[in-house]
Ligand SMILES: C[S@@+](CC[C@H](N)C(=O)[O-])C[C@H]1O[C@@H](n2cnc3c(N)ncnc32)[C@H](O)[C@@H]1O
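To begin, one chain is listed below as structure tokens, in the form predicted alone.
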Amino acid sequence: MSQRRGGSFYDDQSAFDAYLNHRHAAVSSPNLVMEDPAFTQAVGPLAGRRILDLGCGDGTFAAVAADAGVASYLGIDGSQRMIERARHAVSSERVRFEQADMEDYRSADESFDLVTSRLALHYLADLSPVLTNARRALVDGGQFVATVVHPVVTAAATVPDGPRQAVEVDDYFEPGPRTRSWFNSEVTWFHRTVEHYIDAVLSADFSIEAVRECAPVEALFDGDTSEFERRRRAPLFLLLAATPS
């Protein structure tokens, strides 16, 4: 298996298919029962806002934004397959997508009301360029909201093939790349502590509004008590919401 990170990982057909099947798997998808409700609450109403989405994926959030009546939405992703999927899934004159690595993308200053990045920043060796551009892209009073794979998970010593019942953490305070088998391929995530993420956001001239660990929402599990209890055992996602200082 070849090592992949970011857009190149999702351009592998097997990894792409396996990820999307998991991502949209109802109560079995932690994205839907943990990350999504925390993110939705953090961003608040979308109507009338101009949104830049860094690492937009398959267009799921773009569709929500279009339905909510945003003024505009621009999705950036390094994966050609993700961009193609997003363009096929969302048809709106207020929504557009561009294929580009988020660390290379530059927007006009003060051109967006909301900048988001969902489960993408942990693919980057250096957060500074992306966070600096996000800050410059926002108007005064704008908002930045990002989610990442929780540092407890990126520091996991082992990743089981089946459903995880616990997380064994190793070398938590040692930042850097961690490569593992994931969705029929190998992926490299860059591990950082919670403290590191917070410091990076503050250093980019943001003020942090909220830090969330995306606890599971019981009402979204359709009565599957065992799955809800399993998801309560360890955090999977970290959310940071911030405004320009």
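Start at 1 with the first residue shown and count on from there. In this text the structure is predicted, and so the values were computed from the model without any measurement.
Although it is not shown, the form predicted in complex with this ligand is what the next lines describe.
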(message) Please tell me whether the candidate spot formed by Pro151, Glu195 and Leu239 is one where all three residues come within 4.5 Å of this ligand in the predicted bound form (heavy atoms).
(response) no
(message) So this ligand isn't shown here. In the predicted bound form, which residue out of Ala120, Ala155, Val95, Leu114 has a non-hydrogen atom within 4.5 Å of it?
(response) Ala120
(message) Which is the contacting stretch out of 41-49, 204-212, 56-64, 173-181, given heavy atoms within 4.5 Å of this ligand in the predicted bound form?
(response) 56-64
(message) Test of understanding: in the predicted bound form, would Gly78 fall inside 4.5 Å of this ligand by heavy atoms?
(response) yes
(request) Indicate whether Ala100 is a 4.5 Å heavy atom neighbour of this ligand in the predicted bound form. (result) yes
(request) Report yes if any heavy atom of Leu124 sits within 4.5 Å of a heavy atom of this ligand in the predicted bound form; otherwise report no. (result) yes
(request) Give a yes or no for Phe221: in the predicted bound form, does one of its heavy atoms lie within 4.5 Å of a heavy atom belonging to this ligand? (result) no
(request) Select from 7-44 the residues with a non-hydrogen atom within 4.5 Å of this ligand in the predicted bound form and write them out in sequence order. (result) Gly7, Tyr10, Tyr19, Arg23
